[in-house]
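The data below hold one chain only, encoded as structure tokens and taken in the form predicted on its own.
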Amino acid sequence: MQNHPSYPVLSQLLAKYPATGGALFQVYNDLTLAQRWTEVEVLDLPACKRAAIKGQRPTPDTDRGPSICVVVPCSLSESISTSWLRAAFTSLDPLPSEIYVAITSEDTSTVYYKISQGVVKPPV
């Protein structure tokens, strides 16, 4: 991992949160290399004992342009709760209306779940 080009960007938070380092490394590389996010920054979420990733996600709709999103990585083996999700939201400034939880597995699969605050009616 130390020889990977993304390591210098992540090294401080990988050392601070070693238990969640694998998920952070995997999701960061997926977003920057595979999904081609731009203006990516890594955020410290001490209340959740992990890092989050904020960046501009490219959209196929050229009229709208890229959208800014926040992703909180975790592994499939972790247990998360509503209080953990609340802590993730309140740790971010400005407070987003939604975040994505990226759940990683040992086979390098990553699934992204969109989480909104409160009860949100799905689009029709």
Partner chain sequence: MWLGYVTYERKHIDPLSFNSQVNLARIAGMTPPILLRVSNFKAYVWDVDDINILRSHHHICGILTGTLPHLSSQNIFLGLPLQLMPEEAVLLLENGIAVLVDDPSAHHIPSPSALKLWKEARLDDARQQIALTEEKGSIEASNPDRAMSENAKRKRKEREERRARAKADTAPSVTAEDSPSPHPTSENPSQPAIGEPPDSAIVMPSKSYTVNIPASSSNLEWYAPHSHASLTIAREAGIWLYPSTLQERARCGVFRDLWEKGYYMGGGIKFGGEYLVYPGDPLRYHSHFVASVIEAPDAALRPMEIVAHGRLGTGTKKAHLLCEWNDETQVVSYLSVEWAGFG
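Bear in mind that the values here come from a model prediction, so they are computed numbers and not experimental data. Numbering follows the first chain given and starts at 1.
Another form, the form predicted in complex with its partner chain, is not on view; read the next lines as being about it.
Please run the contact check for L45 against its partner chain in the predicted complex: heavy atoms, 4.5 angstroms, yes or no? Result no; L45 lies far from its partner chain in the predicted complex.
Is I115 a contact residue for its partner chain in the predicted complex, using a 4.5 Å heavy atom cut-off? Yes.
Does its partner chain get within 4.5 angstroms of any non-hydrogen atom of I80 in the predicted complex? Looking in the predicted complex, residue contacts with its partner chain include I80, since a heavy atom lies within 4.5 Å.
So, R57 and its partner chain: in the predicted complex, are they within 4.5 Å at any heavy atom pair? Close contact exists here: in the predicted complex, R57 approaches its partner chain to within 4.5 Å, heavy atoms only.
Are there residues in 99-124 with a heavy atom within 4.5 Å of its partner chain in the predicted complex, and which are they, in order? If the 4.5 Å heavy-atom criterion is applied to its partner chain in the predicted complex, 99-124 yields Y100, I103, T110, V111, Y112, Y113, K114, I115, S116, Q117, G118, V119, V120, K121, P122, P123.
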